[in-house]
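For reference, the chain that follows is the form predicted alone, supplied as structure tokens.
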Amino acid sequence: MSEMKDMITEVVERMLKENVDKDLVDTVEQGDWAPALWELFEENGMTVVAVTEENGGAGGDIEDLLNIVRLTGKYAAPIPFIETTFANYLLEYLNLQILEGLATYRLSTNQVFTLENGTLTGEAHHIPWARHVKHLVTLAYSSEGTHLVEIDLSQADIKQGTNLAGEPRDTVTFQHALVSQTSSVLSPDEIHKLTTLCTAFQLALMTGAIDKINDLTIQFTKEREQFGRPIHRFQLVQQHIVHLAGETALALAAFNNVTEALLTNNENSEVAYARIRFEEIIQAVTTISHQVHAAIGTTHEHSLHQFTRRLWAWRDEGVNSSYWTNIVALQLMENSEDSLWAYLTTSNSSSPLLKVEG
């Protein structure tokens, strides 16, 4: 764990609290973003916090970075922070050169990009922020196997699109475009490791949004009055608040377990189970918050929808729970032979049940 974590999260939360409001978040739905906020992050070294000092970074660790990602999710910051920092994290992880400027990534195992003689051909949908950034880091497939490549997006044909929350999700097409960097052929274990890291970054972002929804809902119950008293005094509302607080606590605990597991290279089981459990958390949190807010929560004037719509969009992007559910199910079936019930009920700390492999 980096000793800088508390200081970093305090600085980042103050920057976001002072500079991000509902109107700024709304700009992303108008096709714009917040370059001034990005410059502030750059000036304070937050965009390279997990890059090693040898490569010009701050020398922090993945826990520092994931906590900043969590905060950008909590404030719905309209900047490509997770995209740029994760693209650089992938490149440095595979000993490639990190990038200057904005970047994005795509890690789907659908073979849409073909690598041949150092050029890339293919089309991919739902690339985050492609219209605003300079570089794309993605998986590509050659006759030798799967590679991680980095390519300049100025060579791409970009068709603009959005997700449910109005964030940029573009279609990118390359025709024999020159690749800037290429990794060696990735092994299945390396691809699984990249997929695991990608899921951990998604969990960080969603944890921030869940935390914010909890805060908004509690605040609303203190301000909204019915029959002469705040609605949090009513027993039914209190029941909703308790349920919401419980799910939020689960999300934060799962996120903390994931970051700790990543630091000790024992992340597989934590990431898999956390991602599966987040499906229930998202359903409960969005349902309860809109129930408590009633009609005002669905209006554009209130900020609740900025976070619930992002949660619904983010859970369907990238590596979703179906991937991890299949991994866990296959692991259980392979190890239980014909006695799944006995396998589950007799498992101990050394059981493969607690160590999900890709």
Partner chain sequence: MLHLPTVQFTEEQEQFRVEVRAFLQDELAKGTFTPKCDSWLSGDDPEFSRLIGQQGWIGLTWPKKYGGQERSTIDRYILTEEFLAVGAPVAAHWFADRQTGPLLLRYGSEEQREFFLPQIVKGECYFGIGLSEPNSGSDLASVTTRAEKVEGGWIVNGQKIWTSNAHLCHYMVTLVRTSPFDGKNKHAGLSQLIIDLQAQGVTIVPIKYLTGEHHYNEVFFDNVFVPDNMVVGEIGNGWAQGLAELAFERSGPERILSTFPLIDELIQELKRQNNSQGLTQASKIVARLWSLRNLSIGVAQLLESGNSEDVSIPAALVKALGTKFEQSIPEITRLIIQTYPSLDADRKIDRFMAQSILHAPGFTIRGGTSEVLYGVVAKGVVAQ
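Bear in mind the structure is a predicted one, so any value in this text is a computation, not a measurement. Numbering follows the first chain given and starts at 1.
Below, we turn to the form predicted together with its partner chain, even though it does not appear here.
Colleague: So in the predicted complex, does any heavy atom of residue 190 sit within 4.5 Å of its partner chain?
Modeller: Flag for residue 190 set to no.
Colleague: Tell me, yes or no, whether residue 317 is in contact with its partner chain in the predicted complex, where a contact means a heavy atom of each within 4.5 Å.
Modeller: Yes - in the predicted complex, heavy atoms of residue 317 and its partner chain come within 4.5 Å of each other.
Colleague: Check residue 132 for me: does it contact its partner chain in the predicted complex (non-hydrogen atoms, 4.5 angstroms)?
Modeller: No - in the predicted complex, heavy atoms of residue 132 and its partner chain never come within 4.5 Å of each other.
Colleague: With a cut-off of 4.5 Å between heavy atoms, is residue 291 one of the residues that contacts its partner chain in the predicted complex?
Modeller: Taking the distances in the predicted complex, the answer for residue 291 is yes, it comes within 4.5 Å of its partner chain.
Colleague: For the interface check, one of 318-326, 34-42, 53-61, 66-74 should have non-hydrogen atoms within 4.5 Å of its partner chain in the predicted complex; which one?
Modeller: Contact criterion met by 318-326 only.
Colleague: I need to confirm a contact call. Of 277, 147, 126, 232, which residue comes within 4.5 Å of its partner chain in the predicted complex, counting heavy atoms only?
Modeller: Of 277, 147, 126, 232, the residue with a heavy atom within 4.5 Å of its partner chain in the predicted complex is 126.
Colleague: 184, 226, 111, 97: which sits within 4.5 Å of its partner chain in the predicted complex by any heavy atom?
Modeller: None of the others qualify; the residue that does is 226.
Colleague: Quick one: which residues from 143-179 get a non-hydrogen atom within 4.5 Å of its partner chain in the predicted complex?
Modeller: 162, 163, 164, 169 sit within 4.5 Å of the partner.
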